[in-house]
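Shown here is one chain on its own, the form predicted alone, set out as structure tokens.
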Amino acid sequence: MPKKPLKILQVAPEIAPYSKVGGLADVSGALTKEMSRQGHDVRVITPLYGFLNPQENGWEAEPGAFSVHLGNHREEFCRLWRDTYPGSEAQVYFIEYGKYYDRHEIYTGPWGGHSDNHERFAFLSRAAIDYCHSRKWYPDVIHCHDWTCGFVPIYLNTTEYNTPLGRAATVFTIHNLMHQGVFGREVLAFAGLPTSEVFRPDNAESMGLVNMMKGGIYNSTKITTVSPNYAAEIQGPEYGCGLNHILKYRAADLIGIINGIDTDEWNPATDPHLPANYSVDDLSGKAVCKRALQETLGLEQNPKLPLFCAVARLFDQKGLDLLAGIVPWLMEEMKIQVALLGAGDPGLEQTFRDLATRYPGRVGTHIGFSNPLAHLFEAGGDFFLMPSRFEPCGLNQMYSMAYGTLPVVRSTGGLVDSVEQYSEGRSRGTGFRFEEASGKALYYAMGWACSTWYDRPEDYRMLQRNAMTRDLSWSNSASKYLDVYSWAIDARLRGMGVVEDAKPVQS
């Protein structure tokens, strides 16, 4: 743990509650708040997307133009907006540059990935560097989130190495190794990075292209990912997405830290989105939430039927096609209800609509996304389904446990680290895990959960209590990140020949 407050810069393509596609936004937001609450000087650099309105939100415009220095002596001027992160003293700086960010999608457009994503996120990395120089504020550590920030560590090891910023350590977090940011080599010239040093197999080059994720992994002082089990998985060929050899090479610097959840946002005792609040000592409000969810989805309002819920993006990773394939079998063999909230693959969306029509009162579907409805799903369900083919960490299983909705999950990634397997006859467990990514395995896991509901109600209540009393907050995870920051600072300074005791960089 650091002996005095650190200066921490977070560079993130999304940060809740401002912008969000997935768990990355939750992590960057929760870490920002928690580190600030612990007394550290935390600042964030993130884009100002088209759906954000700084004037309407009352954010402050930083005086004067802010310049970003790109390759070929090119200088682009943009504007910075500043807001204080809710519930903290951390400062969030939004880059207003309409050419790249004045859109309503973060990564993709209506027909797939934005064709200029290489420039958009190279620009984000360079803007983070130039922010530090323009303010003469030099952080002790820069925390980079996923491939979109992969050029930041490369800058610090090349063009910035001999500047005041060069002493800053970098921590690079892999949120999902599947998305790597692979582009043509021209992105290096655009970013102003030395091609001869960077376009190499032992740096960012990959099969004749530039891999921003690979560059971030090679050049960062320390690497983290969002669960210990995922850190082990990605060092093998099945989950390594072609980078397993590099991650194995850097295994000594790769640390898996399970995410926490924002207990201000996700707390059934105070959640404003619920028709009734409840706690582990008084679950009467949960029954009210279940009835409200059943009514919302047109399900039979029967408290005795176990309700299995799922909230997810409908694409291959999440495994909801496995659920769709066994619904007829479930409806025939088990007395249960199934509810889905999600959107994504059009074919899978239609399949779930058809299932709701085929099994009225027993299958409910809401295609799309609604944050209030997501909270109601967590509170109103009895079980929560996550049959993921892979899951670096996952947050919904932790939300579910906090709300007394027992998770039924596949044993992969962070689902292994966060969900303790139910052990019949022993007062242990917080949910149900299964191994094989198949409809058959999911069916039997749901059958196990269903039999527990009907045949061992005292075990179900015990599992609920175990889940709801588990500490799922960010405090433990933040403490581990602080350890990583300290290790990274020490390693960076010693690697540069600075033998003092890893003292934070002074501006």
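From 1 onward, residues are counted along the sequence shown. If you're wondering where the values come from, they're calculated on a predicted model, not measured in any experiment.
One more form of this protein exists, namely the form predicted in complex with adenosine-5'-diphosphate; it is left out here, but the text below deals with it.
Decide whether Phe77 counts as a contact residue for adenosine-5'-diphosphate in the model of the complex under a heavy atom distance cut-off of 4.5 Å.
Although adenosine-5'-diphosphate is absent here, Phe77 would stay clear of it in the model of the complex, with no heavy atoms inside 4.5 Å.
In the model of the complex, is there a heavy atom of adenosine-5'-diphosphate that lies within 4.5 Å of any heavy atom of Ser370, even though the partner is absent here?
Flag for Ser370 set to yes.
Does any heavy atom of Glu34 come within 4.5 Å of a heavy atom of adenosine-5'-diphosphate in the model of the complex?
No, Glu34 is distant from the partner.
Partner contact for Thr148 in the model of the complex: adenosine-5'-diphosphate, 4.5 angstroms, heavy atom
No, no contact at 4.5 Å.
All three of Arg43, Val92 and Tyr100 touching adenosine-5'-diphosphate in the model of the complex at 4.5 Å, heavy atom to heavy atom?
Result no, not one residue of the spot touches adenosine-5'-diphosphate.
Among 334-342, 402-410, 232-240, 301-309, the region lying within 4.5 Å of adenosine-5'-diphosphate in the model of the complex by heavy atom distance:
Contact criterion met by 334-342 only.
State the residue from His118, Arg362, Lys290, Lys318 whose non-hydrogen atoms include one within 4.5 Å of adenosine-5'-diphosphate in the model of the complex.
Contact check passes for Lys318.
Considering Ile129, Leu348, Leu395, Leu274, which brings a non-hydrogen atom within 4.5 Å of adenosine-5'-diphosphate in the model of the complex?
Only one option qualifies, and that one is Leu395.
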